[in-house]
Structures are given as structure tokens and as C-alpha cells.
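Listed next as C-alpha cells is one chain, alone, in the form predicted alone.
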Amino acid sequence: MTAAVPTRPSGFLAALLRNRKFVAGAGIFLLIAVVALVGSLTVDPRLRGAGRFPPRQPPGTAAILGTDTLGRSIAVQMTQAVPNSLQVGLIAALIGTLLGAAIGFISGYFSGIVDALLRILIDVFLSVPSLLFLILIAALVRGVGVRTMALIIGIFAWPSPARQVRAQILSLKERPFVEVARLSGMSGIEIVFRELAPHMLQWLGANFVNAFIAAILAESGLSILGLGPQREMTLGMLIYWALNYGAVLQNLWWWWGTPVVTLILLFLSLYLIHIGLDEVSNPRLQGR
């Protein structure tokens, strides 16, 4: 995606609200997030324990989303799983996007040894099989929690945005407005964050959403492998426990189906948000 000239915040927001894909994605995402957050604040924590409900009950009046083999309500577990999964996505995406942007800005603007060293660092991390290292680190870290898991995923989320930001800055720094800023006496750091950064904000927003999707997917994959936060519930851990207790073989479809459908809806909503941001940032993409 190419860097777009920044528009006024009000104009950009109005364009987003006119984009059907963005509105649909944001609506689905907010609905899932709000329902889960309200549930997490209103549900009695004691209801999350085993034996609080009849075991192996399909969705019904007693348990709206059914229960598992330990007598736990799936709906009650979802009020903890969804916010924790969103927390992983938010923290990891923030780390990856902000760190990648900072490294990309500095590497692209400052030439010489700084650019050479940072470019080598970016290439090294891009060549590393991140999934393998995520599995290795998650297996070595004892008592991994939701925030630790987010930190582990975020460590490997910055190289791709760093390379793309660097490529854009290499082009932007040759434009006349940067030369005017230099002649006005602005320092290199001031030019990077006051003159160049605004041109990348819309791209960084779209990259953040993409990183959010990747982080939730990575957490779910690690959790299904048994490397997730064992003492905290996430969507991935909910699937892991369902598989571990043979929910598929026992035809307890609501146990594994609920988190799977929720993940699909989350991915769909974030993808629509990403496409909407991309279309607003690059109007020529609309209608494709």
C-alpha cells in the first residue's frame, strides 16, 4: 500500500463512515467486544468454576451456549476468553506497529551506518521462522500469561512494518517539503516525526489492524498446541480444552464451535476494517 497524503481528520473520519466495508467490520467487532466486556463486568467470577452447571448440556435456557464436561458455562467462559484474546491482539499489534514504525523511520531517513545496521537487523528478523521461535519461547517460558503471550508475539511483529515504512520514507525524504524543513533548521528527528510521520498515519492504521489479526491467530495457534496461558481463558485455550477433553468425539459441537465461530467473526470484522482503511487511504482501490 502506498503512502497517502494525509487528509484532515474530520474528512478522513467522514470517508470511513461512508465506507460500507469499514462500517460493517467495525459494527461486528464492536458488537463482539461490547457483549464480552459487559459480560466480564457483570458475571459473577464464581460461575467460572467447575460444577456450577449441569455438564454436557447443549445450548438452552439453563446455559445459553451450553456447558462443557466439567459443568462450566461456555457463555461465562466466553466473557473471559474474548477480552483476553483482544488484549493479546491489542498489545502485540501496538508493539509491532510502533516499534516497526520507529525503526523504519530512522532507518529510512538516516543514511550511512545507521541505515546499514538497522537494515541488517530487519533482514535477520525477517529471515527467522517466527512461528518456530514463538513455539520455542512459549515452551521455555513457565507460567505464561496473557500479557506475556502478547509480548512474545509482539517481539516478532515489527520487522515487516519496519521494512515497508523504510521503503516509503526513502521516497518521501526526497520530496521538496523535507528540504524546506531542513533549511528551516529542523533536526533529523523533528523532520521524521513532524513532517514524515503524518504521511504514514493512515498506512500505520491499516497495518495495526492487520497485525491485530495476526496476533490473535498466533495466540490461538500456540494455545491449541498447549503453549498458551494455561491459567487464563482465551479463545485459543477454549478450543484447546475442548479438544483435550474430546469434545469432537463426544459431539459437543457447541464447546468447540462457539470459539471457532467467534474467531471467524473477529477475523472477518478486522479484515473488513482493514479493507475499508485501505480503500479510504487509496481511493483508486474502491470498486475493485
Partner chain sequence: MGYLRYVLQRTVILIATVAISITLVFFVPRLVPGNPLGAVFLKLAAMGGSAGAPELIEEYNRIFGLDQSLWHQYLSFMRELLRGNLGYSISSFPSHVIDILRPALPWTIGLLTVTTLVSWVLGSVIGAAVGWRGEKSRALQALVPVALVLYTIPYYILAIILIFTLAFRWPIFPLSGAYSVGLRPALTWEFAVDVLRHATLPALSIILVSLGWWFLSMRSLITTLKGEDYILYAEARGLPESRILWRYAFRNALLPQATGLAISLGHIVGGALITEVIFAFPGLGWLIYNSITSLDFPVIQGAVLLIIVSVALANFAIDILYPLVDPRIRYEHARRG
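Just so it is clear, the structure is predicted and the values come from calculations on it, not from any experiment. Positions refer to the first chain, counted from 1.
The next section is about a form of this same protein that is not shown, the form predicted together with its partner chain.
**Q** I'd like to check something about L16: if you look in the predicted bound form, is any of its heavy atoms closer than or equal to 4.5 Å to a heavy atom of its partner chain?
**A** Taking the distances in the predicted bound form, the answer for L16 is no, it never comes within 4.5 Å of its partner chain.
**Q** Indicate whether its partner chain has at least one heavy atom within 4.5 Å of a heavy atom of T42 in the predicted bound form.
**A** Result no; T42 lies far from its partner chain in the predicted bound form.
**Q** When the contact criterion is heavy atoms within 4.5 Å, does Y271 count as touching its partner chain in the predicted bound form?
**A** Looking in the predicted bound form, residue contacts with its partner chain include Y271, since a heavy atom lies within 4.5 Å.
**Q** Within a 4.5 Å heavy atom cut-off, is I275 in contact with its partner chain in the predicted bound form?
**A** Contact check for I275: yes, within 4.5 Å of its partner chain in the predicted bound form.
**Q** Choose from 250 to 258, 28 to 36, 43 to 51, 58 to 66 the stretch whose residues reach within 4.5 Å of its partner chain in the predicted bound form, heavy atoms counted.
**A** That would be 250 to 258.
**Q** If you check L183, I189, I113, L140 against its partner chain in the predicted bound form, which one has a heavy atom within 4.5 Å?
**A** Looking at L183, I189, I113, L140 one by one, just L140 meets the 4.5 Å heavy-atom criterion.
**Q** Even though the chain is shown alone, can you say which residues of 119 to 135 have a heavy atom within 4.5 Å of its partner chain in the predicted bound form?
**A** Stretch hits, in order: R119, I120, L121, D123, V124, F125, L126, S127, V128, P129, L131, L132, F133, I135.
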